[in-house]
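What follows is a single chain, given as structure tokens, in the form predicted alone.
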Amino acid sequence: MVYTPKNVVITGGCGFIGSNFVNYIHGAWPNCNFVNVDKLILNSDTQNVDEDVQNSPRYKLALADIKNRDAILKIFEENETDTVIHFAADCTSTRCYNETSEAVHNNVLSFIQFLETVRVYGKIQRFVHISTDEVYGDSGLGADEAGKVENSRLLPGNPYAATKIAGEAYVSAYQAQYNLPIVTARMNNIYGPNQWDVKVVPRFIEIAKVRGEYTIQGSGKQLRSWLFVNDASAGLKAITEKGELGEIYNLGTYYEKNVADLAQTIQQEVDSQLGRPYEPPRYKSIPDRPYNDLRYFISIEKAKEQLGWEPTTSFDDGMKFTVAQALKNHKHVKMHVAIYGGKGYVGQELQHVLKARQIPYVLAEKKVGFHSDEEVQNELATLGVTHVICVTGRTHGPGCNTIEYLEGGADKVYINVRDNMYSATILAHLCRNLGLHYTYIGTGYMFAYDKEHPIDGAMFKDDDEPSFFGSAYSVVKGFTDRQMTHFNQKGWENLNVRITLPLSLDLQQPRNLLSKIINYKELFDIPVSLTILPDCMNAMLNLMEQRQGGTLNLVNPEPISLYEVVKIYQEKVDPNVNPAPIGVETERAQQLLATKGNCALDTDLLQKLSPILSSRDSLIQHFEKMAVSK
């Protein structure tokens, strides 16, 4: 009997295989409605789904982690879901091999919570669980090697495969205990459009475009079967419609090619499509990665006999299509952002950058410390975002436009702790629980020049602990900075950025540092780190798209004095501004150094992750543009 789905939830449908399945199945099941549930991890992009599918009334995108029970249950109920195709998993080598516990969290613990939501909902008629052929472990290289069958012994040779075996174990448990209608697909090595660019096929295509040197892990003789993604999608369609509940089906191909020969095929295809003569590839051997099995070889006879499925796309045709898609220009949307504190100065500047990059965002309405934690969590759980940015903070108040506002009695302590520590910490907890990437925009106003870090000497590094406690603001912010290290454990997606003296180009913004200093008669002539917001916000968003975590000094390289900033402005924009310098040797300067958080922050890590211009070069560039538009 053929099963006919009506309302389908596809998890991980913005990833490589998931998005291709969405594009395929939308046409193959013309009477179905689809909800694509994705948290947009590293290899995911909403634009992987074809535009005509995105515009279809039968398609919805729901951004959520599968462990977010409230969001998933709401999706199931509102869409009367009867079928689940479950792709969502963390298969990235960085996570699975270097941050194994986090891979277990995503692929096992979150999956268990998802299964529990499916059980509670109680109306799923068919659940297709996507696993991998890697659960079988290595196959021999001999020509007489038999393909692994579905009841072959499981011998995982890498951490990713181990997490998938754990997932299958819970599938079996929930089938036995709760009679969940699950069927499992173990899929072969798949290639096609939309694959993450660190994987071998898209990486080789990029090398082929520039006729670069192919890096080959180990000998390059590792054999892989190459299943075209549309054939895999057809196999999953067959499993959904005809697969027997509780069964496992291998989906693969008997066509094999080693990695070195793959490079030659891709170079030939790229050269052909670019209309240029073929040049043989050049190879560079690099150390093999851990757990790199030599061969995965599976039998697909069960799928042939019971489902009537086998691959129909030749390797050459599949690669021709894959290369053609890779050579096209693509729009990317890899995150949807919620902003807390978006109406403040830095929050408004952040919005300008998000709009310019066409990154979808929403301003959260609930405020930590003003609304209950439960109200904040309930809103965040249903905002449909993948990333959260916390720009909340208190630097001034009624009657006082500086951080001096926070000095005083218990009422100011309460405001300071609520807005500068509690809000950031609560949001970090909530994002961890909901599977959202979290960015906290903190401050560098926790450091000041000292004997170990003199002017023009050593700079404060990203992992340095706060050392300046000259104000109530710096004390609380320093404590919050330390709190964030708790969430920066290996693999946690928590980015703690330190900004200092944030400067924008909007002279109508009264809190903009530039708006203030161009009107001063005197200015400190001591080099300090600056956060030039257009540069640094773009760098921060780049790191968010990569789901980076850790603490980062988010300032432009090479400290510059405020006096120098205005002198550049005078030269490039307005010759009428002419402040006098306050030199470091003066008594006033020494007083300012002793009481204010003037410092230089090291930017080596930032320049490694997402390089930006030096303070001077950036200001010259921005001021020249201001002069043209003036």
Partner chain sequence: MSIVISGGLSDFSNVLAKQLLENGENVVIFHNFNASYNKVLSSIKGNSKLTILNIDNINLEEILKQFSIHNVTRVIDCSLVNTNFVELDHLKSASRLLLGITNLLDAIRTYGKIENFTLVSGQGVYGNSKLQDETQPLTPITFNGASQMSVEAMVHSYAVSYRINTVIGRIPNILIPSNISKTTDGFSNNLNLSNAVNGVRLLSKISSFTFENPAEVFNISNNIETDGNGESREAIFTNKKISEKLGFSVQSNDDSELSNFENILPTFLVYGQTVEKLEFVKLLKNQGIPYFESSVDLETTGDANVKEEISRILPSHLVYFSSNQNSFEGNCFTLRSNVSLNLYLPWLLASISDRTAIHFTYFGTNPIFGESSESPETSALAVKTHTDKMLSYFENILQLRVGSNVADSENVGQQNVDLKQSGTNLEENLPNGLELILNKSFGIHNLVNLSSKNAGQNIEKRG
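This is a predicted model, so every value here is computed, not measured. Positions refer to the first chain, counted from 1.
Not on display, but discussed next: the form predicted together with the partner chain.
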* Close approach of P156 to the partner chain in the model of the complex, 4.5 Å, heavy atom -> yes
* **Non-hydrogen atom contact Y422 with the partner chain in the model of the complex at 4.5 angstroms** => yes
* Answer for S131 alone: is it within 4.5 Å of the partner chain in the model of the complex, judged on heavy atom distances? => no
* Please check if G409 has a heavy atom lying within 4.5 Å of any heavy atom of the partner chain in the model of the complex. => yes
* To do: Can you work out whether the partner chain is within 4.5 angstroms of a heavy atom in all three of T265, L354 and R511 in the model of the complex?
  => no
* Structure fact -> Per contact check vs the partner chain in the model of the complex (non-hydrogen atom within 4.5 angstroms), the hit among 393 to 401, 552 to 560, 474 to 482, 450 to 458 is 474 to 482
* Looking at T313, S172, Q273, S299, which has any heavy atom no more than 4.5 Å from the partner chain in the model of the complex? -> S172
* Asked: Which pick from Y283, F321, Y361, F469 sits with a heavy atom within 4.5 Å of the partner chain in the model of the complex?
  -> F469
* To do: At a 4.5 angstroms cut-off on non-hydrogen atoms, which residues of 173 to 204 are near the partner chain in the model of the complex? List them in order.
  => A173, Y174, A176, Q177, Y178
